[in-house]
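First, one chain by itself in structure tokens, the form predicted on its own.
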């Protein structure tokens, strides 16, 4: 990940967090958040609503994101999703129009006492309109028809003017549409407070405009046939997001996820074919002592060359993870709590005022933090930087008074190993579940200080330990270890650069069996509320898996900035 990519990712994550906070505050729904730039309620992705609610990080300004966030909040607050789904037409193009018109309705109901929201919504509409127009789509017959419909419908329902810059462009189409849609357009504004009544006018417009576009397509009058808009109206509306100006070089990929049909249909949920070959092992036992010393020296040289201020990092961690704790009392005070031991002095000396005591407090970290490192094959290229990152954090956490452990997960074999062979010998039962030998490694446990665990942490550099990744079971294992601890706050930080992957399991079940299970595990553990789970993506956006996530760039030298980003993630909770 290049420097511009890292900066763009950090900026976008901040924008998404601010927008999510705004949507939660306005809608009153505390469970809303963004994952992979998609709005989720808990684990469920919400509908896309309307095309103008999806601004581009590369092209649009912050005001557009604010407008989109306000639009989403109003949609959640003022629209009955079930009624909208029930009334929606089957035709994709008509449905896309119907969705857009419902969004215009809720935007028209923005409270007059919130002029900032009204301004944001209008700003976002103008930016989307101009981007749509400049993409060249309005030069086609269908494009100008859709664009004009959007302009005149929003203007009518919100009583705001059309976008001035394209007023002349839509004039002829507006004149042609007026006699066809006149009655329905009038009804939009009149019925904007009644969703069901409004929907009847919106359906008339949606069916009429979609029918006009289908007719033009069938007669060959429309230059847009090759785009296939008739097959999917949403694709036409989202076309503007793909036109010139996209800067893919500045995008960070999000982890790809999908639902596993096998897992959804299984009565007993996630399955493991056999646990006979699974192992939990101290990682240092897998590396020769001489090689371990060599790894440690290499790691020490790398850390010494980075110039990381560990003492400062420790202070930042303590500020975030520690809480004020009473360690003693200061007596002989003139205010505070009455000190019972001083009552005798009050009798002997009625003028004595120093009869009180106050708490003496210090920040104490009643906390344990566990790093869980993805040791799949793709992480080999990052592991030296990851080892340095974790080693520095462990030292800083120790100075801050926070217990820490370093764990890793991989498999003991490629492509299934003995578990796969057992499955083949027993007749290849259908949908056997996980088909490999898991290997959970302990590089440092929470009770061992950093000085004694230095050699063990260096075992991370042994790259031939890295095979495949079964993340869900590893997260479950790490959470169980944390739950057995007595600290008040328990944090798990998962470092990974990809999705769960085991070829034998995927072939015997389906392609999303493991990533579906990972999402189930994270959701369950977060619901239990005992362990806070954070995902740190190495050049990858892990937000589809982890509600709290941070993407980092460790392709170059590790500066203090990377450490501060992770600490800031803990502060957001």
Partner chain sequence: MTELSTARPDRMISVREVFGIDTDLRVPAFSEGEDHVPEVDSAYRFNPDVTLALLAGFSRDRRVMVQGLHGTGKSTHIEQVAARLNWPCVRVNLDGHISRLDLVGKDAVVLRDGQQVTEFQEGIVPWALQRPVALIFDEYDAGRPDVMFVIQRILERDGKLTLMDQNRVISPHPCFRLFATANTVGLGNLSGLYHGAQRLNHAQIDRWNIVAALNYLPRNEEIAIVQARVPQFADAAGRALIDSMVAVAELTRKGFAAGDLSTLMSPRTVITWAENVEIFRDPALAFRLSFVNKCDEAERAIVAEYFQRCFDRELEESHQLATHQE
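Between two forms, the rigid core is the largest collection of C-alphas that superpose within 1.5 Å. Residue numbers count along the first chain shown, from 1. Since the model is a prediction, treat every value here as computed from it, not as a measurement.
Missing here is the form predicted together with its partner chain; even so, the following discussion is about that form.
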Residue 30 within 4.5 Å of its partner chain in the predicted bound form, heavy atoms: yes
Partner proximity in the predicted bound form: residue 46 to its partner chain, non-hydrogen atom cutoff 4.5 Å: no
4.5 Å heavy atom contact, residue 114 and its partner chain in the predicted bound form: yes
Contact flag, residue 557 vs its partner chain in the predicted bound form, heavy atom cut 4.5 Å: no
In the predicted bound form, the residue from 194, 362, 359, 335 that sits within 4.5 Å of its partner chain by heavy atoms: 335
Answer option from 214, 119, 174, 318, heavy atom within 4.5 Å of its partner chain in the predicted bound form: 119
Partner-proximal stretch of 82 to 90, 150 to 158, 400 to 408, 119 to 127 relative to its partner chain in the predicted bound form, 4.5 angstroms, heavy atom: 119 to 127
Residues of 15 to 30 having any heavy atom within 4.5 Å of its partner chain in the predicted bound form, listed in sequence order: 15, 18, 21, 22, 24, 25, 26, 28, 30
Threshold 2 Å Cα movement between the shown form and the other one at residue 560, rigid core reference: no
Rigid core superposed: residue 421 CA moves 2 Å or more between the shown form and the other one: no
Core-superposed C-alpha of residue 322 shifting 2 Å or more between the shown form and the other one: no
